[in-house]
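Heads up, the chain below is alone and in the form predicted alone; it's given as structure tokens.
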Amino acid sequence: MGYRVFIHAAAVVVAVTVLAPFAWLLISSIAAPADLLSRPLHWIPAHPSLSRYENVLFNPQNGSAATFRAGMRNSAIVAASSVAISLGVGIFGAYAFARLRFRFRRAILLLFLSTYMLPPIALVISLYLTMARLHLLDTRLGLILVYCSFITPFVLWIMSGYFQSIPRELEDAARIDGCTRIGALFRVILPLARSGILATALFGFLLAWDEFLYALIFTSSLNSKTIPVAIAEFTGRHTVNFGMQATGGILASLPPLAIAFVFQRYLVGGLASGAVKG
């Protein structure tokens, strides 16, 4: 009984710790500027208002709000395209690492993983020069290619572990029945790996959706700016609009939350199966 109480108490502490910043973001988005700057701080807004949401979503005269709307559109295109390409390439590579035996297999997989673990600041200069030479600066295509460079190793690592968790006998039985290796992959392995694929796609989407450094350096116009850069532009040279930044943060969090809510039952099982193999 005491152990269960401890577990529930720990869960409540963790939930409060995780949700408190999001709750404060929501309060800040509907509070008046005077409430945000008052001392002592007003946790409950005296006059809550949704005017900032209306301003961000519908005001055509607000330049920062227009940038935010364009950033939402660009982020959706860039993140979805990056995940689609990375999954298309990474799933076949992960299957090869999981099922085929060749020299330096483990070392090559770790090499791919090391590219994912490199800090972005270490690569930004070489990537900038490469994109400038290829005329990909300030384009969504350039961002998609850059994001694929770190989402694909993530897909390789997670999905290779997940494929190893699927019994090889199922694939062998399909091949005895006449399937080719590719046929067994599409008819047996991929349907069984659906939860892992969805979980990997979701986390890849979050990697691209939240990325800030590359988007800040490689984009400069509404054609390619993503949502983290758009939210940063609510900060002026001499002032910071905390309310608009909070509103942008709430709106930016809605698409990932909606996707996570829809596919929540695949997340834990998908990543747990792929994380323990390698």
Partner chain sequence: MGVVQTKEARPAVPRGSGPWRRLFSREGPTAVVLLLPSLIVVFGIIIYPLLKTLYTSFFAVDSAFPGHYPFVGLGNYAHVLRTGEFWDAVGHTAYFTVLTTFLEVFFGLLIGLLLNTDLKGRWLFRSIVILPWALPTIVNGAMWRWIFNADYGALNALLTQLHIISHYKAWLGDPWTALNMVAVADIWKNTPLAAFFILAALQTIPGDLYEAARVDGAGRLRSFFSITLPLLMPTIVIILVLRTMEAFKVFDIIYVMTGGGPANGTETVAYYTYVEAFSNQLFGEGAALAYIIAIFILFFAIIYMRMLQRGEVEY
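Numbering follows the first chain given and starts at 1. No experiment lies behind these values; they were computed from the predicted model shown. For clarity, a rigid core is taken as the largest C-alpha set superposing within 1.5 Å between two forms.
In what follows, reference is made to the form predicted in complex with its partner chain, a form of this protein that is not presented.
Exercise for the section: Look up in the model of the complex whether Y53 has a non-hydrogen atom within 4.5 angstroms of its partner chain, and give yes or no. Expected result: No, Y53 sits far enough from its partner chain in the model of the complex that none of its heavy atoms falls within 4.5 Å.
Exercise for the section: Would you please decide whether P60 lies within 4.5 angstroms of its partner chain in the model of the complex, comparing each non-hydrogen atom pair? Expected result: Outside the cut-off, so no.
Problem - Non-hydrogen atom contact S75 with its partner chain in the model of the complex at 4.5 angstroms - result: S75: no contact with its partner chain in the model of the complex.
Problem - Partner contact for W209 in the model of the complex: its partner chain, 4.5 angstroms, heavy atom - result: Judged by the heavy-atom cut-off of 4.5 Å, W209 is in contact with its partner chain in the model of the complex.
Exercise for the section: Would you give me the residues of 120 to 143 that have any heavy atom within 4.5 Å of its partner chain in the model of the complex, in order from first to last? Expected result: Result: P120, I121, A122, L123, V124, I125, S126, L127, Y128, L129, T130, R133.
Exercise for the section: Kindly check if the Cα atom of L50 is displaced 2 angstroms or more between the shown form and the other one relative to the superposed rigid core. Expected result: Not so; L50 is displaced by less than 2 Å.
Problem - Displaced residue check between the shown form and the other one: S38, CA, 2 Å or over, core reference - result: Comparing forms between the shown form and the other one, the S38 CA shifts at least 2 Å.
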